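Coming up is one lone chain in structure tokens, specifically the form predicted alone.
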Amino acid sequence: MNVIISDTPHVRKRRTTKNIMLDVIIALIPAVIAGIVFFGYKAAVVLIISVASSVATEFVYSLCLKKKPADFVRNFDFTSVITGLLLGLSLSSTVPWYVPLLSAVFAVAVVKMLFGGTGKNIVNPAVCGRVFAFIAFQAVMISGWADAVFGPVEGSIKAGATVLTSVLSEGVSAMGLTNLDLFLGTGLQGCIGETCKLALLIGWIYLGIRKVIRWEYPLIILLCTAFTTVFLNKADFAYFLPSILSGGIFLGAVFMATDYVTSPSSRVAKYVYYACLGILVAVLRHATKIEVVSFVILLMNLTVPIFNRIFRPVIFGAPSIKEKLKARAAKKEAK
């Protein structure tokens, strides 16, 4: 008899990491198309460089570990493609070519592969790549303009992180556009993947239908961000939609914060974790008057071991908390 010894999880399903990553890639396609339509060929160049650099870095790293190219191809799970796509979508279309290249190398080589590869990283590689780009290349991290493909917008329109900064600093009256503009990405200035919330919503629905993520997880983040922002602005609900339709919270909530590896294990822990993430985004936005989503996700990733320790899942075969309470109540009645 052959005994197979392997790491957890021990329950095997037909669904593999590769299948899940392919679903995520499909879910990102609407955002990729919208970004290219809004920002033109420059957005496509940034995305291509980011994805190619991510895959190439993983390949070179595997060669350094003396693995055969054939083994790399056979075991390739598309996680580096996801890292490259998310990193590229979180950058501006106007950044120089070396920004996505070096950021992708850092994200894959340092954040992912150095910790052991897929499933071993303690923080989200794409988020770290975005933070690396912001810190190392702050002078060139300037948002590009998008054409008003859904209809002209009167006046000078500034959106993305810019409109968020205006809302945080001067109030919602300084926004200069409608919530529909923010949702469709009409005439916005921002990162490639965060302008059109409609495209991100389509990806969110797809991931929910495919059961890659639970549909309520991003909703918890968005609602907590929105309600906390309203509370911090004297219960003015005019801030509700702009707080979640501007900046990178929508992209981060759907595709980055819900990463399997860098989020808590149990469902209760996830609910508390995502609620804390949304509240922290709103509080730090209010305090700093700038976009902080990437930094908050990175910070919350580091707290995952704490959440897993506090909200430990019930051991298989052990009585649940509800069953323990019933047993305790039965003992009291017996006495």
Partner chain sequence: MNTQKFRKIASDGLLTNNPTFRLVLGTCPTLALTTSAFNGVGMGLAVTFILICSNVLISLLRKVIPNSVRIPAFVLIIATFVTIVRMVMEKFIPDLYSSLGVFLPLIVVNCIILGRAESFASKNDVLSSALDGLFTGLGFTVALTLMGTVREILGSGSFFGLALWDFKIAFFTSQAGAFFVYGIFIALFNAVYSYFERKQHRKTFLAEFDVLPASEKVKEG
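Numbering follows the first chain given and starts at 1. Here the structure is a predicted model, which is why all the values come from computation and not from measurement.
Beyond the structure shown, there is the form predicted together with its partner chain, which is absent from this document and is the topic of what follows.
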{"property": "Per-stretch contact check against its partner chain in the predicted complex, the hit in 207 to 215, 221 to 229, 104 to 112, 190 to 198 (non-hydrogen atom, 4.5 angstroms)", "result": "104 to 112"}
{"property": "Single option in Phe183, Phe78, Phe240, Phe132 placed near its partner chain in the predicted complex, where near means a heavy atom within 4.5 Å", "result": "Phe132"}
{"property": "Non-hydrogen atom contact Val261 with its partner chain in the predicted complex at 4.5 angstroms", "result": "no"}
{"property": "Interface membership of Tyr98, its partner chain in the predicted complex, 4.5 Å heavy atom rule", "result": "yes"}
{"property": "Interface membership of Ile122, its partner chain in the predicted complex, 4.5 Å heavy atom rule", "result": "no"}
{"property": "Ala136, heavy atom within 4.5 angstroms of its partner chain in the predicted complex", "result": "yes"}
